[in-house]
Structure formats: C-alpha cells, structure tokens
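Just one chain follows, in the form predicted alone, and it is written as structure tokens.
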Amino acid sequence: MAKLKIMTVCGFGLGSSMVLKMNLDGVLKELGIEADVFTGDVGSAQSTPADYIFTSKELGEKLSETAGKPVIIINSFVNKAEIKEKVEAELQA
C-alpha cells in the first residue's frame, strides 16, 4: 500500500494546522499507520494532492463540497482521543 498523503488545513496553513499535524503524527505513529502529513491553507487545499484532509468544522463543511477527497472534521485540534477515533473510523475502515 502506498504511503498516505494527509493534509491538515487551517485558514493560513501555519498555526492551528501545525498543531493538528503534530497531534495527528502522534496518533498515526501509535496506530502504526505510515503517512506524509503536511499543513496547508484553505485556498490551496482543493488543488493540493492528498488522500485526506483534516480540518475544522468551519472549513471542512465548505471543503467537503469542493475538495474531491475525504474531509475529516476535527472539533478540537488538541484532543488526541477525538483524532484517534476519527482516524480509526476513516483510515482503517
């Protein structure tokens, strides 16, 4: 299986998406899932190649209509239990 490409997205691609990336990296490592996780802004999310997008509810609702790839909405970027639950539901389904 090819290594997954996962994009974490926030408004500018620098702050909260980095927090989500760090926590997502930890969850993926814990679950033994290999993936390239990178950050991005909402403007580039639609055109950047990725297998999944992880983002907030506010951005995710719009992106899910236009991104053309699965968008996983995370309510709290620091809640590793929520991130793990959604990774298990979406990536291991």
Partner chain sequence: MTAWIKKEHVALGIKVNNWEEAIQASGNLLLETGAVTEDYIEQMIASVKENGPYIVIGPGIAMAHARPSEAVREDAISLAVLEEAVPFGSEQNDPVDLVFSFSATGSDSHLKMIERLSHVLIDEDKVEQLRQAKTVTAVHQLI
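Residue numbers count along the first chain shown, from 1. These figures come from a predicted structure and were not determined experimentally.
Here the subject shifts to the form predicted in complex with its partner chain, a form of this protein not shown in this document.
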*Could you work out which of Leu28, Ala67, Leu59, Ala50 is the residue within 4.5 angstroms of its partner chain in the predicted complex, going by heavy atoms?*
Leu59
*asked:* With the partner left out here, check for me: in the predicted complex, does some heavy atom of Lys84 sit within 4.5 Å of its partner chain?
replied: no
*Contact of Val71 with its partner chain in the predicted complex (heavy atom, 4.5 Å)*: no
*For 58-91: residues with a non-hydrogen atom within 4.5 angstroms of its partner chain in the predicted complex?*
Glu58, Leu59, Lys62, Asn75, Ser76, Phe77, Val78, Lys80
